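To begin, one chain is listed below as structure tokens, in the form predicted alone.
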């Protein structure tokens, strides 16, 4: 019974972690909009969520191999779902070979932010409902 109650929270928790990872990727793209030769990155959220929802155990916590202890993890730490970053398709050629389209990146950033907040509100509502059921109110 408890597993059924927490299964939805686990799914939305993974979605929240993926949204956070995507937000970092999009912020990196925006920050490097003027960096010559920078190639924008992103990942397919639906595919990553499906992969994370089906992943269990070691598959769910696989990360990028780090060769030095000072390297930062690209996956958000232990327990976070693994994402496959891909290069975005260039829509406008630039002289410095930078592939960041600021309009597209900003729109994706705002869309991802709204969806992150929606997922967070859903989780909060679900927890409040569970607490009120437990306390009998």
Partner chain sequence: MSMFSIFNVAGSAVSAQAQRLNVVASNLANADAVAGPDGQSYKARQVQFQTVPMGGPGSAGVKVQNVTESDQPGRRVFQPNHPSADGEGYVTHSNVNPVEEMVNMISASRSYQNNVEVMNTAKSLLLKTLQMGN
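All figures in this text were calculated on a predicted structure; none of them were measured in a lab. Residue numbers count along the first chain shown, from 1.
As for the form predicted together with its partner chain, it is not shown, yet the points below apply to it.
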- Taking the shortest heavy atom distance, is residue 116 within 4.5 Å of its partner chain in the model of the complex? yes
| said: Please determine whether residue 51 contacts its partner chain in the model of the complex, using a 4.5 Å cut-off between heavy atoms. | reply: no
According to a 4.5 angstroms non-hydrogen atom cut-off, is residue 104 in contact with its partner chain in the model of the complex?
no
Query raised in the report: Taking heavy atoms only, is residue 15 within 4.5 angstroms of its partner chain in the model of the complex?
Result: no
message: Would all three of 23, 123 and 127 be in contact with its partner chain in the model of the complex, where contact means some heavy atom lies within 4.5 Å?
response: yes
Of the residues spanning 13 to 50, the ones with some heavy atom within 4.5 Å of its partner chain in the model of the complex are 16, 20, 21, 23, 24, 25, 27, 28, 30, 31, 32, 34, 35, 36, 38
